[in-house]
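The data below hold one chain only, encoded as structure tokens and taken in the form predicted on its own.
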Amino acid sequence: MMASSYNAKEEDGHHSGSAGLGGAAIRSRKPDNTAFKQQRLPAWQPILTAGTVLPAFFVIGLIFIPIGIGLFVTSNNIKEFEIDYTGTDMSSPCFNCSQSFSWNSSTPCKCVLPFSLEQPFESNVFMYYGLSNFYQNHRRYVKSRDDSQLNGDERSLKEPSKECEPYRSSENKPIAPCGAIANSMFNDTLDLFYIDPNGTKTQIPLIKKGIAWWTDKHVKFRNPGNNPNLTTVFIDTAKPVNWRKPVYELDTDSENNGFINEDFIVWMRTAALPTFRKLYRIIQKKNNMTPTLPRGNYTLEVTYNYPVRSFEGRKRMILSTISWMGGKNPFLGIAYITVGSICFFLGVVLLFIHHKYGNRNNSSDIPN
């Protein structure tokens, strides 16, 4: 029998006798004799048996299916109305605007779209604009901005980031705000009117503040300097190429003008998918006695400023209520119902297999 030179001292890193360079190299590579490095920590490994797996499948199914039904019903109770005003069809009121309008048009084009609501909208109504086939998630597009400039840094205002190219300067002046995202800002104007049964036209008040994230409004976006006169602040800058007016003329309200304009802030938060919607306005409920938007006839008056023919896109206006889970989205409820149903089905199948074949392994004889 071959003798072994191993002993406890060598395990701890102590070698008997003299050790040359080879021994020193071995000692330097050998892990310490600790429970962690020698993998002697206590561990727990579950033993999967029919008594543990089957109840787990049934419990998951019985929990997920009711949750999914609740989420699906809640989503379906959210009222939503959508109207497309791209104007690609000749019968559309916006057809002429879509064919003749471009970024360089000197005068805006207006169109009126009538529609009706079959059911009243009771609670606060959120008005969105939607775009299709617009890839805000393109890598070059997403990077084409200067966050320091948007945060009010005066140096970045005069010297924007090179990421903004080719929308970094215009007419030998720095562009504010610079970049492709700001240059392509959505600028259609949407006005909503209610038509009374007697034919009277009443404009629906739309609230334009409170549509942006609080952190964006108060942290990420700031106007440069402390001067309330934004015309002086942006005097040596140029407007984006596709804009009709400079950034300091976005609104007459000083708390919603410049870089802190909420329409601008909402647009600068890029979408992950090519078909998306962004919050445009809020219609607040006046009282509990009358609905926010009663059932009846309405008109949507569009100032057509945003061309989409160049990228074969589509534009739409969406009216929607919300619930405790947000806007209308049946996917989460369907996902819960699907996972719960699969687990419950697998539980039934495994229970049948265990009941029919489980006793055979217990009664089989194993020869010595």
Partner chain sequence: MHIYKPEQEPAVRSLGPENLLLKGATLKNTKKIYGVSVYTGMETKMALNYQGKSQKRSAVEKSINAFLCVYLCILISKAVVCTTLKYVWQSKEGQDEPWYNQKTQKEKDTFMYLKMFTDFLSFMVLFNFIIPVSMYVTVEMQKFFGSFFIKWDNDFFDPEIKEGALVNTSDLNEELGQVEYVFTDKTGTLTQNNMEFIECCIDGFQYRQRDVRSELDGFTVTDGPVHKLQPKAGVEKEELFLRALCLCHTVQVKEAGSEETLGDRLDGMLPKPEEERGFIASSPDEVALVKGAMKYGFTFLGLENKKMKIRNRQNDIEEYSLLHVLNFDPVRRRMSVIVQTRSGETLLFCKGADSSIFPRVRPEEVDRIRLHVERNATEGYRTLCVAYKQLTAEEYMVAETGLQDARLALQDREEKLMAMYNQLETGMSLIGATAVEDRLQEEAAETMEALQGAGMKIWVLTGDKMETAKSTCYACRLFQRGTELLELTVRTLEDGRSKREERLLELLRDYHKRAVQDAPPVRTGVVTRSWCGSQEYGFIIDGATLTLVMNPPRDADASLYRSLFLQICQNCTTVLCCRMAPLQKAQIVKMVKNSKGSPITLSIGDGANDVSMILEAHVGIGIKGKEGRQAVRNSDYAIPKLKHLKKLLLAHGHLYYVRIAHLVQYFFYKNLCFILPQFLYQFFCGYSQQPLYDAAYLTMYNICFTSLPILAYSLLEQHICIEILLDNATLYREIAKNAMLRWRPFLYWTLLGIFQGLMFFFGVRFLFSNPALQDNGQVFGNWSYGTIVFTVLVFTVTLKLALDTRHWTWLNHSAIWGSLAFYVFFSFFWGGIIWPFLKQQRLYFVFANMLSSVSAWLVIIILILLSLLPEILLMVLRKPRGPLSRQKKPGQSNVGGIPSSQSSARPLLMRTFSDESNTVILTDGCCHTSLLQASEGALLTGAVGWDHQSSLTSADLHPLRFNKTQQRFQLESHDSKSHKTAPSRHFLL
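C-alpha atoms forming the largest set that superposes within 1.5 Å between two forms make up the rigid core. Numbering follows the first chain given and starts at 1. Everything numeric here is computed off the predicted structure, so don't read it as measured data.
Keep in mind the form predicted in complex with its partner chain is missing from the figure; the text below concerns it.
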{"property": "Triplet Gly210, Arg277 and Met325 all within 4.5 Å of its partner chain in the model of the complex via a heavy atom", "result": "yes"}
{"property": "Asp188: touches its partner chain in the model of the complex, heavy atom cutoff 4.5 angstroms", "result": "no"}
{"property": "Pro307, heavy atom within 4.5 angstroms of its partner chain in the model of the complex", "result": "yes"}
{"property": "Contact flag, Leu346 vs its partner chain in the model of the complex, heavy atom cut 4.5 Å", "result": "yes"}
{"property": "Non-hydrogen atom contact Pro31 with its partner chain in the model of the complex at 4.5 angstroms", "result": "yes"}
{"property": "Listed residue (Glu159, Asp153, Asp251, Glu163) with a non-hydrogen atom within 4.5 angstroms of its partner chain in the model of the complex", "result": "Glu163"}
{"property": "Position in contact with its partner chain when the complex is considered in the model of the complex, options Ile283, Leu192, Leu71, Val233, heavy atoms within 4.5 Å", "result": "Leu71"}
{"property": "Stretch in contact, per heavy atom within 4.5 angstroms of its partner chain in the model of the complex, of 285-293, 86-94, 253-261, 122-130", "result": "122-130"}
{"property": "Contacts with its partner chain in the model of the complex, stretch 323-356 (heavy atom within 4.5 Å)", "result": "Ser323, Trp324, Met325, Gly326, Gly327, Lys328, Asn329, Phe331, Leu332, Ala335, Tyr336, Val339, Ile342, Cys343, Leu346, Leu350, Ile353"}
{"property": "Large Cα move at Phe36 between this form and the one not shown, threshold 2 Å, rigid core", "result": "yes"}
{"property": "Leu54 C-alpha relocation of at least 2 Å between this form and the one not shown, rigid core basis", "result": "yes"}
